[in-house]
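Starting off, we have a lone chain in the form predicted alone, written out as structure tokens.
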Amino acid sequence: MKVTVKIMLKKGVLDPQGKAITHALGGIGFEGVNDVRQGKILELDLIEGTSEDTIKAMCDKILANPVIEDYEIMIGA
């Protein structure tokens, strides 16, 4: 069972890596980039039938920091 988890910093949380990317793109001539938010994508290969509640628990306990990050779970993606 394939599961993809997309993790992004919550809106309002400073993203220094995103700011650095935005600055670097402008520095090499890519104008018009107003903002970049950087995140991460995790691909999990789980046993068939793993419940969404179990996947959410994985995210809340170790895969993401729910205080500063939001996540999206895509099953079968």
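In this text, all values refer to a predicted model and were calculated from it rather than measured experimentally. The numbering used is simple: start at 1 and walk along the sequence shown.
Missing here is the form predicted in complex with another copy of the chain; even so, the following discussion is about that form.
At least one heavy atom of Glu43 is located within 4.5 Å of another copy of the chain in the predicted bound form. Residue contact check for Ile62: one or more of its heavy atoms lie within 4.5 Å of another copy of the chain in the predicted bound form. Interface residue remark: Gly49 is not counted as part of the site for another copy of the chain in the predicted bound form, having no heavy atom within 4.5 Å. At least one heavy atom of Ala57 is located within 4.5 Å of another copy of the chain in the predicted bound form. Residues of 13-42 placing a heavy atom within 4.5 Å of another copy of the chain in the predicted bound form, in sequence order: Ile21, Ala24, Leu25, Ile28, Phe30, Gly32, Val33, Asn34, Asp35, Val36, Arg37, Gln38, Gly39, Lys40, Ile41, Leu42.
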